[in-house]
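One chain comes next, on its own, written as structure tokens: the form predicted on its own.
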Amino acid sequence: MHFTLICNKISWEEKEIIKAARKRNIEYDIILNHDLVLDLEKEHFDTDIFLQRSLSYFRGLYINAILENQGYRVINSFHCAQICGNKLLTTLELVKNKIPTPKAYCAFTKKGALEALENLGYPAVIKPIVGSWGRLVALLKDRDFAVAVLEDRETLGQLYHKIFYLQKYIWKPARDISEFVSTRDEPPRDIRVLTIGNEVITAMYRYEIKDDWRSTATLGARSKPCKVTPEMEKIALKAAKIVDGEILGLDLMETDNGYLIQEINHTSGFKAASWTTGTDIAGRIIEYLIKECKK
């Protein structure tokens, strides 16, 4: 087998994937997407499969479109990237397939967004439809703060920042109050689940950061291993299937009525999950590529 890794830069995850490939004597090439020039009629790559790890959503998306149009196999696919890289489209797929997800609204003006927030209630969350690592995600605690944030994005934001994606805030449960700091009685948490193919390979709890309401690992959130329950496995694999996802990171929320899918990540980082759970995620990715190439 020979695979080609596409990425913005060689980060920790890419280094681990390369080490896992070398360990198994798997041949590979690396393409940095900012150096890539593609002939839209026909490109020749001596490779069996592409592993798309671009952090840039639009670069990765259009590279996938070009490669797949020319008959190459790409993981994750254009269809998967198109949905998972856009929070609005992800929500639509989850709703259509009756997978529990936080209540959300879409508006296109400040006036419309404020009307939606009255329906959602405060606090609520505003997110850019495209983006990762918790950037430009804001907790709107009341109407005055919402007006300020909406005016800022309506005036200064890029085109897709003016599409106001608003989501109900889900109060998160937590454990181990002695180990974590929070302004609430208990430190809130969510769950990151990683799937490869039709299998959940690991999961971890992510706890909110001190003086922050987010629990993003790249921002410094603490984490602990999470035992995968049958209910968790069922909802994660169902969500992965509807977006045609092969290698995914899914964010789950716990509620009194079961789990919700918060987001689905098609180029998920896995450094924190590897360190927290001891799972050889890079090795599992390479094993999956090998299996797919044998089909």
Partner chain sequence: MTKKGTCPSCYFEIEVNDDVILGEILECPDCSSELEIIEIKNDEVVFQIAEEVEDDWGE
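Positions refer to the first chain, counted from 1. Quick caveat: nothing in here was measured; it's all calculated off a predicted structure.
Keep in mind that the form predicted in complex with the partner chain is not shown, yet the notes after this line are about it.
Asks: Please determine whether residue 70 contacts the partner chain in the predicted bound form, using a 4.5 Å cut-off between heavy atoms.
Replies: Judged by the heavy-atom cut-off of 4.5 Å, residue 70 is well away from the partner chain in the predicted bound form.
Asks: Quick one: does residue 229 come within 4.5 Å of the partner chain in the predicted bound form, counting heavy atoms only?
Replies: Taking the distances in the predicted bound form, the answer for residue 229 is no, it never comes within 4.5 Å of the partner chain.
Asks: Flag residue 162 as yes or no: does it have a non-hydrogen atom within 4.5 angstroms of any non-hydrogen atom of the partner chain in the predicted bound form?
Replies: Although the partner chain is absent here, residue 162 would stay clear of it in the predicted bound form, with no heavy atoms inside 4.5 Å.
Asks: Any of the heavy atoms of residue 255 lying within 4.5 Å of the partner chain in the predicted bound form?
Replies: Contact check for residue 255: no, nothing within 4.5 Å of the partner chain in the predicted bound form.
Asks: For the three residues 92, 96 and 169, which mark the spot I'm curious about, does each lie within 4.5 Å of the partner chain in the predicted bound form through at least one heavy atom?
Replies: The answer is no; none of 92, 96 and 169 reaches the partner chain.
Asks: Do any residues of 257-275 have a non-hydrogen atom within 4.5 angstroms of the partner chain in the predicted bound form? If so, which ones, in sequence order?
Replies: Residues within 4.5 Å: 265, 266, 267, 268, 269.
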